[in-house]
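In the block that follows, a single chain appears as structure tokens, in the form predicted alone.
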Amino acid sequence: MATKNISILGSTGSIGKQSLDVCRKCGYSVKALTAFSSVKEIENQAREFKVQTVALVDENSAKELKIKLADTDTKVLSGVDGVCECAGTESADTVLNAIVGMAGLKPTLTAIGAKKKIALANKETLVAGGRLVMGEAEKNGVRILPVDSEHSAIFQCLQGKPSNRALKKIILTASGGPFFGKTAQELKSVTVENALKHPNWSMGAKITIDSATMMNKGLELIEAVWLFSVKPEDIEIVVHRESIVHSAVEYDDNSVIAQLGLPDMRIPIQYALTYPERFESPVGELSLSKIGKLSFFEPDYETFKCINICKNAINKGGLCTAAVNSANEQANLMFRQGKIGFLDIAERVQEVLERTPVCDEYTFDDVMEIDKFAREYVMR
């Protein structure tokens, strides 16, 4: 197994910690780590992997970490610039971006500019800046490998595809979250605790709430448009409660190729880091006979409005997807803080979309400006 040098952005989150599990198993060298403010956790990670550089976004936390790591050779950085330095570090050949939210966009662009291999778990990078990111990746000859379980599944199913014309559609699966089958009336009074009870996956709070609103699936649809160069209408969303079929593709001869596996993020993480090779799984073997059955349903678009909001945003194009993403981040946070109700999330995101101007071309600064507008509108 060839040695790889990895930089992990967002190492103290759910995906980041599972990525470190994969690095332990594969014997990969971890050169840089970043987080927002988790001093104790990132200190332990830095010591275990003997990393060269760490960065914390929060300045005070970075000062504390610097004192704690004073007996090591690890360099401690701070702020967004520090995260970007870790993303572009010369010592790493692969950057795994597991930052949650819009904060992942600038480090991704930095890593692409440094011509790093990108293992992308930060879907907001492509949702908010898809045209920018894919344009820079093409210019720099950088390949972006998906870490999201659904996009990893699609990527795997597309291996060996004879031509672009052979693909008929992408089948994007969704667990349906904790509120599958509920009516809008029933969702009016759900609590944060209710929404955080995902039936299959262990994820961070923000993504778990996105799964409950099914905004996560809308964002993944947008991400798939950019990753696989398809039109939104070429993507079918199917609710699959067991989370065993992670996604599928249908070819012109109506053959459907699917990728199956246990619901554990270490499988797609490892594939992104080891591609094009495959190694022994870090998780258990799938037994279909023990699973017993697989079920599939059409999403309830009327109750879970976020999916169609995202479809409308990608069809309108320009900054609309960035606006929807930022509005959702803010509304999601406000719901978790108890400031708004569950159904208010979709309503506020829809209002922001309606007020976002349509434009074909945009810059990074434009994305940041619409991000500010969307968040401020949601907080009004």
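Start at 1 and count along the sequence shown; that's the residue number. Quick caveat: nothing in here was measured; it's all calculated off a predicted structure.
There is also a form predicted together with ligand NAD; it is not shown, and the following applies to it.
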inquiry  = Given the stretches 137 to 145, 153 to 161, 274 to 282, 204 to 212, which is the single one in contact with ligand NAD in the predicted complex, using a heavy atom cutoff of 4.5 Å?
reply    = 204 to 212
ask   = Of the options 259, 122, 270, 173, which one has a non-hydrogen atom that comes within 4.5 Å of ligand NAD in the predicted complex?
value = 122
task = Would you kindly say which of 343, 39, 353, 57 lies with a heavy atom within 4.5 Å of ligand NAD in the predicted complex?
result = 57
is_contact(residue 320, ligand NAD) in the predicted complex, heavy atom dist at most 4.5 Å = no
task = Answer for residue 15 alone: is it within 4.5 Å of ligand NAD in the predicted complex, judged on heavy atom distances?
result = yes
key: is_contact(residue 99, ligand NAD) in the predicted complex, heavy atom dist at most 4.5 Å   = yes
message = Is residue 76 part of the interface with ligand NAD in the predicted complex - any heavy atom within 4.5 Å?
response = no
